[in-house]
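Given next, in structure tokens, is a single chain: the form predicted alone.
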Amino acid sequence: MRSPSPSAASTTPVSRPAAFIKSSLNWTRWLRTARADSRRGPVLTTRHIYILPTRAGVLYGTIIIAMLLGSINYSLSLGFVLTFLLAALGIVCMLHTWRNLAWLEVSHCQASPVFAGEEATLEIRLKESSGRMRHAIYASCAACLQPQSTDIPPRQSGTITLAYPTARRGWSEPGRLTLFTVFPLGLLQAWSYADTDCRVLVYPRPAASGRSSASSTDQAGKGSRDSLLGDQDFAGLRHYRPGDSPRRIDWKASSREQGMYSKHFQGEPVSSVWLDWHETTGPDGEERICQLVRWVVDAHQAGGRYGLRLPQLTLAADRGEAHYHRCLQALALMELPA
């Protein structure tokens, strides 16, 4: 099954002109972005770091200029000393702010699948390899709710967790990552952009419980008794058959020369439930997908075996976490039939 393009799924013909204008006005997209290569993740080299004064930095510079003009006007030697001392402090602050961000590597970025409407959690790991302590490193993205920060010890890694809202099923990309810092005095902000391959698989939203439970009960009725598994209760003895496990042989009966017998156990019956696309009802395809998601969730919570039949794909009956996520992924990436 081919996955739908995230951009195609999230952009309607009506919103394309507005998205184009918004993208054209975003001048930051022309700035250089750190990208991964075959050996490691994006590294924030000197070419990728930008630095500008904050509001406090602008006020700080204005005060220095005013002090310089006053010192020149009144020929104040002490004023010159204080002015140049504060200017030197600003330059040292600029160097430390830049060094706090330089040569960091985005070594890891991942997100676990979530249902549509929930917040995804991006886990971003930054690796420090220059032997310097990094203080208050912030990370954010265009779709993230708010920036988060961490401190990174020398030659170690730090992890930043960002919350990311989701709305539509399918693959969703949060956009390029922005890393910035205002350490140590908050007078300047250094920032850089990193392009990661981090994306979130968004499962379809489950239908309401009341509506879906009735449908899933109907589906359960179509299930078939497949087999008897397990060794829950002792059911009796039967004559030994080649291939029986030695652990099930009744050795006491054999020692009394009464013949070879094997213990027979009665297990728990296992049924298979088929969740079929053609059994769903709804005003449109998305609602029918949500109904199937509800059935999958209910079947998984019941602990039984269940299979999934879609127009382009059939998943054999099984159970467990892996099968559960395989079914939800198939529904998340499903293309609606024409």
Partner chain sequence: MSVTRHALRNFTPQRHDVIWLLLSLLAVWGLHIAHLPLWINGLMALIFGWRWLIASRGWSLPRMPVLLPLTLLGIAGIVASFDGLFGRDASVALLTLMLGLKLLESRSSRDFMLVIFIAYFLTVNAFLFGQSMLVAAGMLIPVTGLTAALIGLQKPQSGSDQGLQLRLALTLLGQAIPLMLVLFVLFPRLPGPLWGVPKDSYKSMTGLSDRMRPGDISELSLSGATAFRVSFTGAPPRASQLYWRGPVFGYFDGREWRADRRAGYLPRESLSVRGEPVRYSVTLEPHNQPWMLVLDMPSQLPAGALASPDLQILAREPVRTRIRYEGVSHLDYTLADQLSPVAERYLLQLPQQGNPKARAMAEQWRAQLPDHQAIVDTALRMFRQQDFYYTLTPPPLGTNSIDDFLFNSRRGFCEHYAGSFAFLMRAAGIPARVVTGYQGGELNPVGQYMIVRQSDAHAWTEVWLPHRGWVRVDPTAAVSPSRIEAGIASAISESASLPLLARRDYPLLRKLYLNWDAINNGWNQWVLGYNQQKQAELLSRIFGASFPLSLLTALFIAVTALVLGLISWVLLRDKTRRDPLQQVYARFLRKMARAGLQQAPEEGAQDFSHRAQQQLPMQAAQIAAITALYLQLRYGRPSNASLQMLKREIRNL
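Residue numbers count along the first chain shown, from 1. These numbers come from a predicted model, not from an experiment.
The same protein also exists as the form predicted together with its partner chain; that form is not shown, yet it is the one meant from here on.
Proximity to its partner chain in the predicted bound form, taken as heavy atoms within 4.5 Å, picks out 148-156 from the listed stretches 148-156, 117-125, 163-171, 200-208.
Interface membership of A111, defined by any non-hydrogen atom within 4.5 Å of its partner chain in the predicted bound form, is ruled out. Residue contact with its partner chain in the predicted bound form: A56 places a heavy atom within 4.5 Å of it.
Mapping the unseen interface onto this chain, G186 counts among the residues with a heavy atom inside 4.5 Å of its partner chain in the predicted bound form. Contact check for P311: no non-hydrogen atom falls within 4.5 Å of its partner chain in the predicted bound form. Think of it this way: in the predicted bound form, its partner chain has a heavy atom of just one of L68, A36, V297, I51 within 4.5 Å, and the residue is L68.
Of all the residues from 46-78, those having a non-hydrogen atom no more than 4.5 Å from its partner chain in the predicted bound form are R55, A56, L59, Y60, I63, A66, M67, L68, L69, G70, I72, N73, Y74, S75, L76, S77, L78.
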